[in-house]
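Starting off, we have a lone chain in the form predicted alone, written out as structure tokens.
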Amino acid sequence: MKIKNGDKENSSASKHCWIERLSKSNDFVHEHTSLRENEPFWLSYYRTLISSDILHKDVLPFLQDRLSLEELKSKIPVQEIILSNDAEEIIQSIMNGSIAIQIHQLDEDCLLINIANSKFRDVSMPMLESSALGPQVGFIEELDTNINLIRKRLPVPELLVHEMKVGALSKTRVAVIYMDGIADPENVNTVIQRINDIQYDHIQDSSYISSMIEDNSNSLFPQSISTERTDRVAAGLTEGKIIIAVDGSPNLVILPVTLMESFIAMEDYSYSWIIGNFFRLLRLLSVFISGMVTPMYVAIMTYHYELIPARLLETLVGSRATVPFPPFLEALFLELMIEMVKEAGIRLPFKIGQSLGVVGGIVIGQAVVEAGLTSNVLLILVGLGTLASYTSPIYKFSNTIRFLKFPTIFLAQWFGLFGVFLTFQFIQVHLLRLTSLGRPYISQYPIRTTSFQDLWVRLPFSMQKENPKNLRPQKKRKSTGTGKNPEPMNDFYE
């Protein structure tokens, strides 16, 4: 086999402009398969994009005889084969891992055979949403595999996938997934329209898409949920949500969402509804503690000593006896130090980062207290707030809470408890105005009875009979009773 990399002898012909464009790269191969110059098959491909095993086992053995391209198409045992003479289509197919076959080098017609090298990591456990109970299957970076995982959970023809390519340079495959007959067509059309309107060179992750189509890109609160869990995606689809999957990203985007969904873990449904509610309320309390404990310390220690019981006040004053800084600088210094430790633990290699997070936090914290730079009471409070911030199942939401404590600390220093209250009111007004895909972000406003079936608390499955009305699903009911008290199937669709 004679190989000619970068062969440009016939590139001046307009019909072969695509060969001229592609042959500038050293990993592009333009070759013929026969030693007889009058009867070759010409092959064009990127050797870094194709599977050499498939090429030698399923393609080259059928190129020994003199056959037309139509005959080759029927003989080669590869699923994705097309015949085309469009230069742009040929280029895109080759860039996606196809091999172009021509009978003669000057022919316009090409047989495009998809033999892309699809080496991806195996399906594994979710990295950011691990759980003790429930499914342990997480998405990976391969789009088709992710769609396969969803279809295994919802094997119905109503599960529809709308694919498109986004990014002027990256040509990233993006899939919009929804349940026909359940999802509101207006939501589906809105998502597709917003994705089609994206004008950006490269899309590397689903977070690019979510940030570009959110209602308010300047909000700190995530108006979509990024998840690696197949069960969360399947549950969202059955309620009428829209899923966005991006090739190359293991995180799928769920739209529209509400604030309370940031406190819901799929593990809750593996427990009894009473225990599940206990953990959900615990997360609500933890997020409040994480965002307010340090600002409340600053406000009380700066302006409101009278709110502290006398015996506790003695302990607090004694712990700060050697601290040379006011409570504001003391708290700001310790919070920044904790954030640095957490950020360094994420960026360092896994084993080193694990050691730094545990050992470094203990050693540095103890050294800071012994040096008199901060009080041991504040160290306990900051540690409590840091632990509480990680109770949210949604990582982006926990980052929001971590950030909001800093402006709250500043307002607590300037205005005391009024500053903390002012921050809370600003957040509340912002959340009331915020929307996700045009739907209210705070799902309890306006008040809908169906929103409370699985919101602050989770009712038993037998009482969760309707899909959330804020999604405006076409299918209103999702349950007709349990096995003990089934209801007639009449009026299942309203």
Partner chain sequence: MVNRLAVWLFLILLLTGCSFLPTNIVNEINLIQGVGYDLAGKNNIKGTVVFPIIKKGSSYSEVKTAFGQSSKEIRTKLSNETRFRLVSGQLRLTLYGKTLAKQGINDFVDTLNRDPSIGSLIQLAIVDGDTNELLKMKKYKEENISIYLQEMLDQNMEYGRLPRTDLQTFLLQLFQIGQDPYLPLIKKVDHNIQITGMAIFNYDQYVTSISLEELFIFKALLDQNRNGLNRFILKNGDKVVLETLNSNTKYKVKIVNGRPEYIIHLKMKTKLQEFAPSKKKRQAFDKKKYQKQVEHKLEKNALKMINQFKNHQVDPLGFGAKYKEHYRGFNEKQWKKFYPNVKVRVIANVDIRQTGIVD
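Positions refer to the first chain, counted from 1. A quick note: this is a predicted structure, and the numbers were derived from the prediction, not measured.
Another form exists, predicted together with the partner chain; not displayed. Remarks below refer to it.
The closest heavy atom approach of Ala321 to the partner chain in the predicted complex falls within 4.5 Å. The partner chain is not drawn, but in the predicted complex it has no heavy atom within 4.5 Å of Leu111. Taking the partner from elsewhere, Ala100 is found to have every heavy atom lying beyond 4.5 Å of the partner chain in the predicted complex. Within 4.5 Å of some heavy atom of the partner chain in the predicted complex lies at least one heavy atom of Glu314. Contact with the partner chain in the predicted complex, judged by any heavy atom within 4.5 Å, is made by just one of Phe410, Tyr208, Phe397, Trp273: Phe410. The partner is absent here, but in the predicted complex a heavy atom of Phe328, alone among Phe328, Phe221, Phe279, Tyr269, sits within 4.5 Å of the partner chain. Partner contact region in the predicted complex: 413-421, out of 79-87, 381-389, 196-204, 413-421, criterion any non-hydrogen atom within 4.5 Å of the partner chain.
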